[in-house]
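What follows is a single chain, given as structure tokens, in the form predicted alone.
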Amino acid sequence: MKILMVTSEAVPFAKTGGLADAVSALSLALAKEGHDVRIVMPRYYRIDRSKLEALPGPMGVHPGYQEIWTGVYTAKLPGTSVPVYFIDHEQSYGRDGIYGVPGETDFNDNPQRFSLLGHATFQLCRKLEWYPDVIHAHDWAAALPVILLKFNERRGNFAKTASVFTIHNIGYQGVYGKHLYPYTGLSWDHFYAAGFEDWDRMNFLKAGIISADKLTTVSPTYAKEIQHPEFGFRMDGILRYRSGDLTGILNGVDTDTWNPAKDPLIAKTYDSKSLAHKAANKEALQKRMGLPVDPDVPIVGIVTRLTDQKGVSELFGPTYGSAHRICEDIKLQMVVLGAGELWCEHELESLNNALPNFSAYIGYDEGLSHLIEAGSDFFLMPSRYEPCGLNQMYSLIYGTLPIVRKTGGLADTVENYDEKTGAGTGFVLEHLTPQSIYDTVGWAAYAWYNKRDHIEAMRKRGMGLDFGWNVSAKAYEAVYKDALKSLETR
């Protein structure tokens, strides 16, 4: 199949979160299966033109009531033959930030910027004389191509092109004033038909959900959760309506980068047959974080964005958060790597000063994130909701037992510990409350001190799981085939 990925970000070129990792990794996995996969995305300011190859000639794009001339650059995903095409338009993309910057977290011209990407997708195919079997768009910023395909473009060379739309995080929807709708290039007749209307505003994600031939999310449980009001962010009704076209596919893991047997960023490599070497990473982590070196005390690691989605209020809230009580009452050490909301950063600094067994690094450090995965005994993810989650899978691969809330991809990847039999791969809490976090961490610590044979068995069991992208790629292949088949029956 010929598959065109449309995205606002992809590693290593532009990234704000897991979307970027998923798009690049899935593209590579599909290419390894023999598919002709290509990626199109904007060329942001920080993507250096000098490291790209320019396609000859400008490309005219016609979004809304205007004609825009763009450039097109290309490169390969590093170490692969997968081409990436960059739409170059200085006025739209020649700035810091993908969706916004700290002082302006959501650029007010985002509807214009990403409408340009949508229209440029089809012009690029014409320029290349390459027409995909499937257009696979990711999140709201790339939703317009699936909408344009349904209402404007499904003719000629695109007559047999199907569309798939992946919801990576339904909390981000691209909602803007409807006075900006003309920039989409669609007639007002399509404002309601395509699903843009959202309480007298326009919603890109909603229109993508309604217009795409098939829908996916990044884990099976999340696909079920977003059909309910608690997790659906007002989209639960239309997702229930389209449930027959919705599939949850668990994201994979880049096992070349995240592999304790060959990870250059950890103190000592190891695998399930040499787990004793994990102790060297624990010692290195304790020294790095300024904690007492003690192999007998369990370390609870956390690598997270400090946002409400990740359960940080229940964990670190200054009034009722559980972290302070955990570190005072339970014999363990806790290490945190993260950045985000200022109140939480300040609270972590306070905990640093108040607790001798707590250490936090404010910011992000790739090497430290790997060392936390390798050196910790447990990894805590008390997320409010989690479309997929990657760190719990990294943890399992590194023999570090996850402590997670039962939601989204966390529920799909972590099997709760059975203290009678020793079965399971981690510790699961049902409800997100400070007391529930406290109790579950305490349960894990109890197992550490009293059921060490169970801990070792769970570690090896987790390290034996397969989270490679080849499994996910097969599932996406099936969705693509269903999307193409649905066109034949119309």
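Since the structure is predicted, the reported quantities are computational estimates derived from the model, not experimental observations. Just count from 1 along the sequence shown to find any residue number.
Separately, the form predicted in complex with a small molecule exists; it is not shown, and the next lines address it.
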Partner proximity in the predicted complex: residue 199 to the small molecule, non-hydrogen atom cutoff 4.5 Å
no
At the 4.5 Å heavy atom threshold, is residue 247 in contact with the small molecule in the predicted complex?
no
Even though the partner isn't displayed, in the predicted complex is residue 391 close enough to the small molecule, meaning a heavy atom within 4.5 Å?
yes
Residue-level contact is defined here as any heavy atom of the residue lying within 4.5 Å of the small molecule in the predicted complex; does residue 381 satisfy this criterion?
yes
Just one stretch in 331 to 339, 238 to 246, 223 to 231, 189 to 197 has heavy atoms within 4.5 Å of the small molecule in the predicted complex, so which one is it?
331 to 339
Heavy atom within 4.5 Å of the small molecule in the predicted complex: which of 106, 418, 308, 366 fits that? Just give me the one.
366
Checked 184, 161, 203, 304 for heavy atoms within 4.5 Å of the small molecule in the predicted complex; positive is 304
